[in-house]
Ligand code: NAP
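One chain is shown next in structure tokens, namely the form predicted alone.
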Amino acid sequence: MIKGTTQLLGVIGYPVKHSMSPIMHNAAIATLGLDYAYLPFPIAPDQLKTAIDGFAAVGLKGFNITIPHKQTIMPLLANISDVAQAIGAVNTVWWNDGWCGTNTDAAGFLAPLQTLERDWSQCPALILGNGGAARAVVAACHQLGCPDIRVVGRNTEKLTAFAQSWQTSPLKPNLAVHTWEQLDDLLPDVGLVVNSTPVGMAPETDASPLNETQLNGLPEQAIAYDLIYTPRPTQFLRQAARAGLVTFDGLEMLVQQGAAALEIWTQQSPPVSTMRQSLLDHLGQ
């Protein structure tokens, strides 16, 4: 029930109508019995500063950020966490005598991996793709303790820029970039392979960034992690499961990054199971 005392949270993007964040956050808010409401705000790029000034004026407690604002909002914030500076993007903002920003994507990515008993110092990571999502995965793999991080992409200029961007980062990951043609040579000792590309999303849901031969060649107990969460599972993860690999998809990352944001805003332990189930129900699973 929205009352005169209800405090507002939200998510900004353009477009934002596809976002599932309102579903899981409002489910969590109801479970916690908080006097909050979480709303989607479609903000055009040229209205970003006007929007966050307005949020301050109406007393918004905080908000999430999705495409295309994760980078462009950074100059408008009073404080930015080290992890957000390293990733080069902000996805969670809260008010503390000014707008403060962080990035909970790395924490969201790590959460399911941290349930495993692994010696991560013996687990090289390979990341397919070198876009914005890959940056959060690099930061997460560095925090996890992976001995080296291999980023694979198709455009050599973008790969070079990606590698150079980490040289001035607060984090210093042991990072190397490679072209797609080098992929087969990089796979045999990899303990964690992550798809951060859009390969496998609708409408080409039968596509996979790796073939079954490549997946079968990975070490025993290697982990395949796809940041995509619709369809669920992706073709990549179906192939990985047939190869006997441990698999994770992007739904858990979505839930866990949202839970980390909710804890920042409310200072309460988030009901992760409620948030997860609300999304599964929405997806009909």
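Numbering starts at 1 and runs along the sequence shown. Please read all numbers here as calculations on a predicted model, not as lab measurements.
Although it is not shown, the form predicted together with the ligand is what the next lines describe.
Partner proximity in the model of the complex, defined as non-hydrogen atoms within 4.5 angstroms of the ligand, places exactly one of 138-146, 118-126, 152-160, 170-178 at the interface: 152-160. Contact with the ligand in the model of the complex holds for all three of 201, 228 and 253, each having a heavy atom within 4.5 Å. Site annotation in the model of the complex: the residue of 215, 134, 107, 86 reaching within 4.5 Å of the ligand with a heavy atom is 134. The ligand is not drawn, but in the model of the complex it has a heavy atom within 4.5 Å of residue 196.
Using a 4.5 Å cutoff between non-hydrogen atoms, residue 102 does not count as a contact of the ligand in the model of the complex.
Using a 4.5 angstroms limit between non-hydrogen atoms, residue 92 is distant from the ligand in the model of the complex.
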